[in-house]
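Shown below, as structure tokens, is a lone chain in the form predicted alone; questions about how it binds or moves come after it.
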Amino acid sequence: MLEVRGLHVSYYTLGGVIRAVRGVSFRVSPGKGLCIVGESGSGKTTLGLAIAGALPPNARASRGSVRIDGANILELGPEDLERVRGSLVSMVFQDPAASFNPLFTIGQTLGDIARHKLGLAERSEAREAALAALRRVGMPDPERVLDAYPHELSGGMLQRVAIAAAILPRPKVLVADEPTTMLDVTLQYQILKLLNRLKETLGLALVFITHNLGIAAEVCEDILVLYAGHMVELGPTDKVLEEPLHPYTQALIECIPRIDRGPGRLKPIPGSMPDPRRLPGGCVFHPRCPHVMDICRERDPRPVALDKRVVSCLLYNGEKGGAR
């Protein structure tokens, strides 16, 4: 349903060119989910925006393709892109309150989506479609919610409404950009369970963006690990979490608190994410890598297929003194 190949995305700013995504490739089938994980600044949101056809004006996908149901999103003009937003791909954002105009009721907002994307001219038809979407996301008392303004709903209810708005046009791909970050733990679990159910019942290809590897295990079959815009590891969720191959993935997992480890300090990743305008030569992770070799400072690793996974690391490229 979703196929991304060799995607490169850059931002053009007064301070220079920011290379946010470099050579990312993956596929997501209907009814399946892919989690994109990494630190802040790794390119997760930019990748999500590129998939949704919602890159800002100063961003450009210079190479690669994003195909949804065969259509390359990157080749569409403004009118065609407006047409496929919603019908092919929808997006749910981190802050649900920012997704709604406070001057309009939920019913007005969802009704506009139904009329614009589903072609429902009659007000009663649009309202019924909005009600059906709210019921599908498990919204209690949907009639009351339709007549409410955004400020009258809790954060968890607003996020359910945002998801209802996203699935209302019946998209084939749903991009969720950290949709649980602003919710408490109980609501996080409910939203994750909801997305999992919608993914399976509606046959959605779900792209879930998060910095929390624990969340990734709950909702997605596969994980893509990004670092400074580079794809460092891609594979089945259980394999990546239980036996991470790339040193960066290993370091991310070491940062997760675990009860079975007993008391002690968490192991942080030394250093910080590099400036995207001045990325280091060779492997972008080498300044922070505990397994760094001399060749890592000179050569950019190529993706290697290994154990049902793809990993970009010279430890697995068969370099002298580096192969495992």
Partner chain sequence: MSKAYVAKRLAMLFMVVLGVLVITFVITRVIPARPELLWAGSHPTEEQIERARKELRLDEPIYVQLYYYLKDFFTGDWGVSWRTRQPVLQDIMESLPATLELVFAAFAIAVMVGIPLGVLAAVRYGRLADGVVRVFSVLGASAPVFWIALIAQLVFSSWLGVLPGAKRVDESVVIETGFREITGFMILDSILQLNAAVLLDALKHLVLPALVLSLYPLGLTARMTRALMIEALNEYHSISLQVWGLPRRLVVYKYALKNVIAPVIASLGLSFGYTIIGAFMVELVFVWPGIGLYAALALLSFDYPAVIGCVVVVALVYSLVNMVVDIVHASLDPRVKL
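These figures come from a predicted structure and were not determined experimentally. Residue numbers count along the first chain shown, from 1.
Below, we refer to the form predicted together with its partner chain, which is not included among the displayed structures.
Although the partner is absent here, residue 54 lies within 4.5 Å of its partner chain in the predicted complex, judged by heavy atoms. Remark: residue 169 counts among the residues lining its partner chain in the predicted complex, judged by a heavy atom distance of 4.5 Å or less. For residue 112, a non-hydrogen atom is located within 4.5 Å of its partner chain in the predicted complex, even though that partner is not displayed. Residue contact with its partner chain in the predicted complex: residue 121 places no heavy atom within 4.5 Å of it. The candidate stretches are 239-247, 226-234, 197-205, 80-88, and the one lying within 4.5 Å of its partner chain in the predicted complex by heavy atoms is 80-88. Scanning 139, 129, 191, 165 against its partner chain in the predicted complex with a 4.5 Å heavy atom cut-off leaves one residue, 165. Shown here without its partner chain, the chain has no residue in 199-219 lying with a heavy atom within 4.5 Å of that partner in the predicted complex.
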